[in-house]
Structure formats: C-alpha cells, structure tokens
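Take a look at this single chain in structure tokens; it is the form predicted alone.
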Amino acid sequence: MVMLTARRYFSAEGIDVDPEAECAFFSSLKMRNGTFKLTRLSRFAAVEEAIRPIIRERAGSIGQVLDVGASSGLTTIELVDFLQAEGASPRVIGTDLFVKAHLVEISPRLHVLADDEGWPLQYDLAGRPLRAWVRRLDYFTLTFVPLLLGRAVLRGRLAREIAEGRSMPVRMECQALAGRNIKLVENDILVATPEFVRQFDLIRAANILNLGYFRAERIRTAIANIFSYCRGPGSLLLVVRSHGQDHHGSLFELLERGDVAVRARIGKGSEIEPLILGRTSADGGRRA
C-alpha cells in the first residue's frame, strides 16, 4: 500500500480514499505530545459485542453521547452505527486533542502538514510522503539527524506561515464524517469544559485514560471531569484499552449519591477501575 500524502488526502478537488489507506495515513501521524492518530476499521467490534445486551436494554435512554479521544472520528462513526442498531438515536460529540492542522508550502517541491503550533506531522517531498518523527532505529542508521534538523529549521517558519495566514487549514478527520450527525471538536479531557457538564448519557474513553499515558493524579482529574459531564444517575462510562487485538475495559454506571458500579468487564477489565471506583472529593465524600 502506497502511503498517502496529506496534500493528496486534503486535495481541493477531493478524492475517494480507500478506508484502509485512510487509516494508514492517520496512523502514521505522530502528534507533538508523542501520541499517534491511530485508528483502524472495526477496531472496537469485540468491545461492542461484549456490552451489546446492556446497550440494548438502555437504548431508549441514550440520547447524548461523548466519545473522548476520537482520533479521526472513524471509530466514533462505528460507535454511532452500533448504538443505532441497538435502538438508540444518539447525538454525538467526538473529542480529540488534535483536530486542526495546516498544509504549508515551503517550496514547489516541499509541502508540510503541521499542527497549529507549526509541529511537522508529515513532509511531502515532490509527492513522496516522509514521516516527520524519529523512530528508535533511526538512531542506529543516523536518519535521526536530518529529521531533527528539519524540524528545528522548519518549525519556526511553519509557525509564522500559519500565524500570518499563508497556509491551508485542514481538519484531521475521516471522510466518512461528512454528512453524519457527529461533531468532532478539539478538547483536552484534563481541562474542564463547562458546556459539557451534565450533558451525556454515555461516555466512551478508549485508549486514552491509561497509566501508559498519564500519572494517576492526572487520570483522577480526567475522571472528575468525565463524571461531571454525565447527565446523572444511570449514565454509562466505557473505559477501554487495546493491546494489539485484545481489549481490556469496564463499563461503569453512575448511581445515586455519586456512587459508581461496574456493569460489565471486557477482558481483564480497565486498569484504572480502582481509581474510578475509589474516586473521592477533597473532603472525603463521594464526587457527585
């Protein structure tokens, strides 16, 4: 499979992209915080099958849905399709830390996809895609030298071009989102979002709230924000982490007085389950 360049993917003329090629394109992009925009078709099919009976039972009460860490939005679409198949009619917001990006022309032969701050995500050299990040092997082959130099030399210019409006703004979202009743927005789960408070009947946090990304205290902050976004007792929270083809997660329900119960487990359950079940406020009481 030939990797897509960002310039071709975001072409003004528009192209129909093979879904596998689209997944490969997004998954090749490494954000400035060290995470990848990983995605693949039917990624959470096994998770959905595991929670199907509960979702079917609750379908009538699932109106507003929040998908935290939605990446390109592909798996958000699949979540919506799953919920609709079980009888729900959800209105969905997907969030990701990085949605906005820019295409910048450095020269007729060099174009760069960069984030809002000028961090290079992909180079397009005469139509050939080149990754902008350094892998471990690069330190043995010395490939890291031009990659790091390129970033150091270009980042300032990229930031200026973007700030001065000499770039093409794009959104890092899959083509299938067009025409869907799904809103994909930039959002940081570690920062409280007032307009989300008490809005959602179901929240999914997939491959984001795990001890590989965050320290326990930061996860507790994210948990506090998420539960503040729940509409109230009966709201559901699905937390899952993927290890290759395997998934481990837990489906929680918010109860009266802010208590939380586990309604289902996938694989070994969520590694942060103790943090969620043991969440307490500063004065020792349960969080509402």
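The structure presented is a predicted model; accordingly, all values stated were derived computationally and were not measured. The first residue of the sequence shown is number 1, and the count goes up from there.
The same protein also exists as the form predicted together with a small molecule; that form is not shown, yet it is the one meant from here on.
Colleague: Find the only residue in Phe144, Phe214, Phe196, Phe82 having a heavy atom within 4.5 Å of the small molecule in the predicted complex.
Modeller: Selected option: Phe214.
Colleague: Which residue, Asp124, Asp96, Glu173, Asp115, has a heavy atom that falls within 4.5 Å of the small molecule in the predicted complex?
Modeller: None of the other options qualify; the answer is Asp96.
Colleague: When you measure heavy atoms, are Gly69, Asp188 and Ala206 every one within 4.5 angstroms of the small molecule in the predicted complex?
Modeller: Heavy-atom distance to the small molecule in the predicted complex: all three under 4.5 Å.
Colleague: Is the gap between Ser250 and the small molecule in the predicted complex 4.5 Å or less for some heavy atom pair?
Modeller: Although the small molecule is absent here, Ser250 would stay clear of it in the predicted complex, with no heavy atoms inside 4.5 Å.
Colleague: Is the gap between Asn225 and the small molecule in the predicted complex 4.5 Å or less for some heavy atom pair?
Modeller: Asn225: no, not in contact with the small molecule in the predicted complex.
Colleague: In the predicted complex, is there a heavy atom of the small molecule that lies within 4.5 Å of any heavy atom of Ala59, even though the partner is absent here?
Modeller: Contact with the small molecule, no.
Colleague: Quick check on Phe44: any heavy atom within 4.5 Å of the small molecule in the predicted complex?
Modeller: So Phe44 counts as contacting the small molecule.
Colleague: Determine which one of 107 to 115, 69 to 77, 127 to 135, 85 to 93 lies within 4.5 Å of the small molecule in the predicted complex, judging by heavy atom distances; exactly one does.
Modeller: Of the options given, it is 69 to 77.
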